[in-house]
Ligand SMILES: C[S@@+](CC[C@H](N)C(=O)[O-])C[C@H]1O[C@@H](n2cnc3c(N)ncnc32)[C@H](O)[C@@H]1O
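Shown below, as structure tokens, is a lone chain in the form predicted alone; questions about how it binds or moves come after it.
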Amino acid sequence: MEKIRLAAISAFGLEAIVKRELDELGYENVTTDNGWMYFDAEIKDIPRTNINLRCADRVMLVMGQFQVYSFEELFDKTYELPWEKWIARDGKFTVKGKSVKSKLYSTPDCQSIVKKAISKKLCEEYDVEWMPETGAEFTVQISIHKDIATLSIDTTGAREGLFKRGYREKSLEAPLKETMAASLVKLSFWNKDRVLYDPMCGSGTIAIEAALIGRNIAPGLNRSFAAQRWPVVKEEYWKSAKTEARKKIDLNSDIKIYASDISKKAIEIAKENAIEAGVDDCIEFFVKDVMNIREPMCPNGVLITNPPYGERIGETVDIQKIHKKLGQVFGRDKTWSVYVITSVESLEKDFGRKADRKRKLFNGAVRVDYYQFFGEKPIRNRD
């Protein structure tokens, strides 16, 4: 089968975890550049990666890369690429773009030239005067970084990145993206043999993503993607990828995840989301103020949480009280590992302990840190 080049895009700070996912899926020679993880693939891997990747934002089909210093060069080199192999006669294609540290700094001009070059190529190939653009959607991206242009087509869907799992019909304000929640779990020492607890769960995203990981349920099984309407990506490829993913689901392990929140409404929403995701049997939700927690529910657990911060809460003093409470209850228990994502710089001081590791991330546009406090390694599996 013909080889193609794909790229998984990740949020800043998550490149290593997405590369690990690609390694686990069996892809070799994965190279990372500026948040893009490039890898060799076949057409059938477009469904496979979209369905299975948990922490990437989207999967791009890389059409070409080249140096470019003038608009004429951009037009000619774009025109030379095999757009007709992918974009159907009635294909609807839009062009998005960005340019960083490059001579061609005008993004609107770059987008316009790429659109004209693709249109000319397709009109000539299909022997038409204009493209009707009434069919499947193809979102082309032109990205120029230090005068290197990358042209790609979004296989996931421009409006719905991979974080749109399909289970979160309802959510609260400032929800954590599903891809970020999955990354927090993947970056922790949690596995399905250990208890996991989120004491400020909101709509339940961290707990649900952990349950999906524990059950090995592919995150994209119950959603659609832009490339499903592309003629060249055959329906049998999607069926095969879903069949492969379903065979890997673990329905037998006894997974124990607990999630609580001060808001009764939040817990109701979280329960509905867990049912929609098919993992409600793994999670026990309950209403509880984090300030009323007295002791860990068992030894050797893992706490992963996204407490209020920034615009999500009014008073800094309230945030600090939450941090201190977490430190008093879970920080002093040497068997528990604690993971907290926050933009509040006083977390370590409030918690009463220096983090064993701190990773810089971005939760949307907010710069945050992922504080990791390691507990003792369990001697044996949970009873």
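Residue numbers here begin at 1 and follow the sequence given. Predicted model, so just to flag it, every value in this text is computed and none were measured.
In what follows, reference is made to the form predicted together with this ligand, a form of this protein that is not presented.
With the partner omitted here, the residue from 53, 59, 322, 340 that has a non-hydrogen atom within 4.5 angstroms of this ligand in the predicted bound form is 322. For the residues 88, 187, 144, 200, the 4.5 Å heavy atom test against this ligand in the predicted bound form is passed only by 200. This ligand is not shown here, and in the predicted bound form it never comes within 4.5 Å of any heavy atom of residue 183. This ligand in the predicted bound form comes within 4.5 Å of a heavy atom belonging to residue 263. Although the partner is absent from this view, residue 176 contacts this ligand in the predicted bound form, with a non-hydrogen atom inside 4.5 angstroms. Interface membership of residue 168, defined by any non-hydrogen atom within 4.5 Å of this ligand in the predicted bound form, is confirmed. Per the 4.5 Å heavy atom criterion, this ligand in the predicted bound form is contacted by stretch 202-210, the sole one of 133-141, 106-114, 202-210, 237-245.
Shown here without this ligand, the chain has no residue in 211-235 lying with a heavy atom within 4.5 Å of that partner in the predicted bound form.
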